[in-house]
Each structure stands twice: as structure tokens, then as C-alpha cells.
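Presented below, as C-alpha cells, is a lone chain in the form predicted on its own.
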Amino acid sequence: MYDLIIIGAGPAGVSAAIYAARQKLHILILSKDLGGQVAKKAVDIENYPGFEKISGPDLVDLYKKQLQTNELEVILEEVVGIQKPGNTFLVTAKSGKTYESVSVIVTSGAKSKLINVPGEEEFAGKGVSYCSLCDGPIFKNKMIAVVGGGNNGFESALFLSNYVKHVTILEYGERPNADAENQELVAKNANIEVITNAQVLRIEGRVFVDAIYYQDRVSGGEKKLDVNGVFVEIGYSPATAFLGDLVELNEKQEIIFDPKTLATKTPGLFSAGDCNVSKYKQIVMASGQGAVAALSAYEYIKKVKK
């Protein structure tokens, strides 16, 4: 049996693991991947203390080294369920194997939201992508659409502009929600166009994406963009469905927690990172929460094991 199981290995999970390791706990990290959104979505990180600029993959490499240095056990497998039938937790992985622990920290993060239009599922991996960092270079000299005018959409468009011929950002609202700095960078980039009041209707193609159709919400007219790729950047849904009734969730399915300790409603179960209720989803904030959750879990484990 483990003292602590950490579910997820993004910034919050890695931070929790490092802090828990310093307390000499017997720890297991269960995660479907290493790095979470940092590995797939973070192109260039420029607001993380200690680094003027670092790419997502480079930061994940540092995570790997720190986990290895602390001799932490990592199993790359998705968690599908968790129970607390008595005083300990039972965590079930996708393989069906169950792991037992005194305490659990949930850092499961979030997954990309879908636009849920005809053609999205059909062309996933055939022109429809949710990761500009992963797939951007494939679209060299192509015409691309980015759906979403928030920071994720603008940052993805800026990254894609290094490879593609032209990027069109489609924003549903009257104006983009991206930070002023990102909007200024996009405005200076001749390869990027922003279209607001655009409601995506469908994605079409033969074998691969050929076009995206949207409705102009002002005129009501339907318009077509000839594109070779569509990058969906409309936000994320918290990965919390596997937690059942062990936690209290808000209307967005984010975990409600004690801000002092990161404890959930279930004793011994803590949460940190993008799966939590928060206005801002930032790497540094997830890392901080991970540290707090680890220290709180340590205090809980000490009391239980007396």
C-alpha cells in the first residue's frame, strides 16, 4: 500500500510529487501522460519564474529529470475510478488494476473542449487538431483556421504562423478575449486575420479537411473558408468524471476545495491544478497548488498513521 497516490503528472502533479518526496512518503504517480497540457499546448512559456523563455517540451524534460532524481514511481496509465470504502483509497487504472493508498491528490487537469459540429469528429487527425505544438509543422505552407479568440487561440495562431501560409482566427463573440499583449502580437502579424461574430457551422473535406463554414452572427449569412486544417482552441473541460461523489463540483464540473489546504469534502482527498475551481489557469498557479496539496496530504497521513 502507498502513503500517497497522485493522479496526473502535469505541473500540479509533478510539484506535489516533489514536495511529497521530501517528506519521505511512499508515493505512486498515475497519469495517462507526463506533462499534461504543458507537453501538448504550451509553445513558449515566458511567465514562469527562473526562465526568460522555455518551451513546453523542454519544461517537461526537466519534470522527468526531477521525478527520476527523487526516485518517484510513475505508471503512465489513465485513472478511471476511485473509491474510499473504508479508511483507505482504492484507485482503479484503465487496465483494471487497483492501487491502495492512505491519501490521494487529484491533479487530473482538463481536456480540450469540442466545438461539436458536423465534420469535427470525422476529420479528427485528418486536418482537425487540438494541439498546435504537436501538429503545426505538418501544415507547412497551408491555409489554417483557428477556432477560438482567447489566449490559447491567439498563442496557437502565433505559433502556427511560423509554418503556415495564413491563419484565420474565428471568434464567436464580438471581440477576442485574449490578453492585450497577445492581441498586439497578432495585429502585427501579416499572416494572421481575426474574424469576430463567427459561429462555426461545419467542417468539410474529402479525405482531409478542405473547408470550414461559419455563420456571420451580424448579417446571418453563411461563409466558407478554404483551409487545410482546423485547430480547435475554445478551452478545456476538467477531467473529474471519474471521481464520482467523493468531491463536490461546480457547474463547470471543477472541484470545489478548501483554499487553505486544497482538501476536498472527502478526508484524505486533495486536489490541485486545472481540475479545481479557479478563474486563472496558469502553470505557476497549478505548481503552487500542487505544493500546498502535498504538504496538506503529509499532515493528514501523519495523523492517520499514528
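Nothing here was measured: the structure is a model prediction, and the numbers come from that model. Heads up: residue numbers just count along the shown sequence, starting at 1. Each form is matched to the other, and the largest set of C-alpha atoms that superpose within 1.5 Å is called the rigid core.
If you look for the form predicted in complex with a small molecule, you will not find it shown, but the lines that follow are about it.
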Any idea which of 108-116, 142-150, 222-230, 185-193 reaches within 4.5 Å of the small molecule in the predicted complex, heavy atoms considered?
108-116
Among Val38, Leu269, Ile255, Ile27, just one has a heavy atom within 4.5 Å of the small molecule in the predicted complex, namely Val38
Partner-contacting position among Asp179, Glu121, Glu77, Asp216 - heavy atom within 4.5 Å of the small molecule in the predicted complex
Glu77
Hey, in the predicted complex, does Gln23 get a heavy atom within 4.5 angstroms of the small molecule?
no
Although the small molecule is absent from this view, report whether Asn47 comes within 4.5 Å of it in the predicted complex, heavy atoms only.
yes
Within 4.5 Å, heavy atoms only: does Ile283 come near the small molecule in the predicted complex?
yes
Does Phe242 reach the small molecule in the predicted complex if we count a contact as any heavy atom within 4.5 Å?
yes
Align on the rigid core first; then say whether the Cα of Gly86 has moved by at least 2 Å between this form and the one not shown.
no
Relative to what we see here, could you say if Val128 and Ile54 have their Cα atoms closer or farther apart in the predicted complex, with a change of 3 Å or more?
closer
Relative to what is shown, are the Cα atoms of Cys131 and Lys94 closer or farther apart in the predicted complex, where the gap shifts by 3 Å or more?
farther
